[in-house]
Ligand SMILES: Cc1cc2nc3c(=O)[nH]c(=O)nc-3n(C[C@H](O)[C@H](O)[C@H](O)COP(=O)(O)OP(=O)(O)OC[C@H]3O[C@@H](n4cnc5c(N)ncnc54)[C@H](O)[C@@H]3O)c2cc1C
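Only one chain comes next, encoded as structure tokens, the form predicted on its own.
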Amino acid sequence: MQKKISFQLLPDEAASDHAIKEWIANLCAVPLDDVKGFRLQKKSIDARSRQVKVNLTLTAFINEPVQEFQPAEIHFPLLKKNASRVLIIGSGPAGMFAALELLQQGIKPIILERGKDVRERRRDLARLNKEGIINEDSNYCFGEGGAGTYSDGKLYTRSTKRGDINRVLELFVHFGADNNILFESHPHIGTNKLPGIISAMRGQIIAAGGEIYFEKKFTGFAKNNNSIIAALTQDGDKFNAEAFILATGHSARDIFYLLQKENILIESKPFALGVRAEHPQSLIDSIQYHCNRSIGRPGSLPAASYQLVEQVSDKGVFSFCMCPGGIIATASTSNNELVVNGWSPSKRNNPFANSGIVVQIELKDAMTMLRDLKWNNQQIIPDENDPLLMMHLQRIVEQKAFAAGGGSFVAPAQRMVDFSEGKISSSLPECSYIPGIHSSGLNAVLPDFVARRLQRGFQEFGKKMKGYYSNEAIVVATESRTSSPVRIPRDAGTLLHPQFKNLYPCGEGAGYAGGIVSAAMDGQKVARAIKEKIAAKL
């Protein structure tokens, strides 16, 4: 007999197969020997009370052999020689998952990626971190797998209505991810494991007949009235296809400039702006798990995370991309601009916890900030009709952060309480950010509109998490690539750009996703829309 049951255990019990079997036996009113095993369906941690509990949902096997986990059967048949061709610009999760879906639909994907493959990309990241030298086409944001490859591989999303989340997770498992991502409440692969999974996806695309080209920088379209004929690259190549997917990611500013120059419709879009906050992981553990900090969390519990939100002066201040046991990394894509992000290895075993703490920015807010000539330095004359207005604001903040750090991607930083009280920190604690940090007043980097709300937000967070608001914590500027500041419009039904009958904006860079899973689902969605259109022609 198989029986699906749910119950709560103490962390040490949840880490013991024997203890779980004892609970199953009690709940099912059978002898312990009758419980042959179990298979987890869902697992989450409940730390709301002082006694931390682990929620388990599982299938118990009573008096019958355990049916071990069997990954979903996923097949990629070889393409026919006359298969339709779809050109994908960008190999982030939207582009890669669109390519995999197209293969299963019998359509040939051809991917153009401005950056390098994961192995070569790693060398550029090392130079950036150790020498302060950036490759503007190969960095944390650009290259095989997109921004998510080297920034954590978190697979949690609230975008449950955008597609089949389980399908995305099953594909990750098919290509090498641990199957625990199928039942963990906040699935996470880890920066150390994700590159190998991305490489396996690439191998499958090529083996089935698709094509991937690295260091192929897209520079424009060849057009005929309302149709795209070909994609053009910097080295003079021309790629023809029946349809074109634009999945270039949230940091491809040159693409936004290009679209504006070619009079291809784009729109400004809200985004969030702020800093990275880093605490000792032991402090976050003690707050969240109510444990003695000097002793540390129980070994059966993972590094603790948190999620915070507060309304400050009618604006949401919230945590973003929280990385327990993580590292702050340089997410810049250009010289003289400083962006920070966070990531964790699969074991989440680094001594720090970091998270973006950001303020939501609307168009009217950006206009307010850019009208502040003292802060803006008259770099930008604000025009609310400019579709790149939000991007201009983003860039100014990043340039100010670079200057405040003193160059070479050293980041300006303050202790958390010092920042909130407007004091320059006389010293800074140890920090995971490899290029280094420099004590500097972040009020000069951030618009007053943002800084004031962050300062109040940290104080309010400290009331929710006793000990969070502390000078043991450090705030590092600037967290500015939370999402694309530009939207490339598309029809809600066909997913086509309104000006072209074969151009499909896709993923986070087009404004339709906010992370690995939602971008992957959007790629699949666009691929299916293309299949429907091609099928209608036959």
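Nothing here was measured: the structure is a model prediction, and the numbers come from that model. In this text, residue numbers run from 1 along the sequence as written.
Note that the form predicted together with the named molecule isn't included here; everything after this is about it.
Engineer: Can we say Ala272, Gly356 and Gly457 each have a non-hydrogen atom within 4.5 Å of the named molecule in the model of the complex?
Structural biologist: Not a single residue of the candidate spot has a heavy atom within 4.5 Å of the named molecule in the model of the complex.
Engineer: Cys321 near the named molecule in the model of the complex, any heavy atom under 4.5 Å?
Structural biologist: Contact check for Cys321: yes, within 4.5 Å of the named molecule in the model of the complex.
Engineer: So, Phe409 and the named molecule: in the model of the complex, are they within 4.5 Å at any heavy atom pair?
Structural biologist: Close contact is absent here: in the model of the complex, Phe409 is far from the named molecule, nothing within 4.5 Å, heavy atoms only.
Engineer: Indicate whether Lys315 is a 4.5 Å heavy atom neighbour of the named molecule in the model of the complex.
Structural biologist: Output for Lys315 is no: heavy atoms all beyond 4.5 Å of the named molecule.
Engineer: Looking at the partner-bound form in the model of the complex, is Pro109 within 4.5 Å of the named molecule by any heavy atom?
Structural biologist: The answer is no: Pro109 has no heavy atom within 4.5 Å of the named molecule.
Engineer: Within 4.5 angstroms, counting heavy atoms, which one of the listed stretches 338 to 346, 291 to 299, 382 to 390, 167 to 175 is next to the named molecule in the model of the complex?
Structural biologist: Result of the contact check: 338 to 346.
Engineer: Identify which of Arg114, His279, Arg202, Arg453 has a heavy atom within 4.5 Å of the named molecule in the model of the complex; exactly one of them does.
Structural biologist: Exactly one listed residue reaches within 4.5 Å, namely Arg114.
Engineer: So which of Ala413, Ala99, Ala247, Leu446 gets a non-hydrogen atom within 4.5 Å of the named molecule in the model of the complex?
Structural biologist: Residue within 4.5 Å of the partner: Ala247.
Engineer: At 4.5 Å, heavy atom to heavy atom, what parts of 80 to 94 sit next to the named molecule in the model of the complex? List them in sequence order, or say none.
Structural biologist: Residues within 4.5 Å: Ile89, Gly90, Ser91, Gly92, Pro93, Ala94.
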